[in-house]
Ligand code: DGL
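Take a look at this single chain in structure tokens; it is the form predicted alone.
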């Protein structure tokens, strides 16, 4: 199993932000990334649909021999990880909005959370909010329309900038000093958010924490790759590969990208 790949899946290309963190920390590990762009975004789907997509993605990664699976999607994690862990005998690593560190770090006792509807409405999100934000003002905003624009490669478009301005205004009115990104697509918006927000507001995403947890689980289960030869880095999309190539342009010579229906 040791030389088998780490599997990742997301409702599209956003989870590549997680993949980059994992690859940086575990550079010799083989990886397979599934971009379910055909069904993106998961955030406006029903819980039943989300679970169905997650089962499909998991079984495809298991067919390819993955030794662990990273759910590189907040909506998928908050709605389906418990079911996946019960159903399959393989380690799963999820991604959740970094609410706890934001609440602990906030000096103004006010934080903003930008996430999908599916994440904000999930039971796991509600439990996390209840546990860590008892004395904190939380401004929750659904990032409606952001994921499709990112999937289309429109990162620097006026549409993205205008939406972010609209979404962050209520947060600024509530004097936030921490902004939690609750979708794996959203780290690609950090340059625009940095331009929009005052410098004292810290933007927090979960990528580094997920990578550290992935490394921990790999070593805890003695699953680390036992050779240091060049890894196989495979990306599979069920839509166009154009945006994948754009987001991964700094490592195109290392990776394999293919499109196939799944």
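Note that the structure is a prediction, hence the values are computed from the model and not measured. Numbering follows the first chain given and starts at 1.
Heads up, the form predicted together with D-glutamic acid (DGL) isn't pictured, but that's what we're talking about next.
Quiz item: Would you say all of 7, 29 and 214 touch D-glutamic acid (DGL) in the predicted complex, counting a heavy atom within 4.5 Å as a touch?
Solution: Result no, not one residue of the spot touches D-glutamic acid (DGL).
Self-check item: Proximity to D-glutamic acid (DGL) in the predicted complex (heavy atom, within 4.5 Å), stretch among 41-49, 220-228, 194-202, 55-63
Solution: Among the candidates, contact is made by 41-49.
Quiz item: Is residue 111 close to D-glutamic acid (DGL) in the predicted complex, meaning a heavy atom pair under 4.5 Å apart or at it?
Solution: Result no; residue 111 lies far from D-glutamic acid (DGL) in the predicted complex.
Quiz item: Taking the shortest heavy atom distance, is residue 122 within 4.5 Å of D-glutamic acid (DGL) in the predicted complex?
Solution: Contact with D-glutamic acid (DGL), no.
Quiz item: Applying a 4.5 Å heavy atom distance criterion, does residue 171 contact D-glutamic acid (DGL) in the predicted complex?
Solution: Outside the cut-off, so no.
Quiz item: So in the predicted complex, does residue 102 come within 4.5 Å of D-glutamic acid (DGL), heavy atom to heavy atom?
Solution: So residue 102 does not count as contacting D-glutamic acid (DGL).
Self-check item: Contacts with D-glutamic acid (DGL) in the predicted complex, stretch 131-147 (heavy atom within 4.5 Å)
Solution: Read in sequence order, the lone residue that approaches D-glutamic acid (DGL) (within 4.5 Å, in the predicted complex) is 147.
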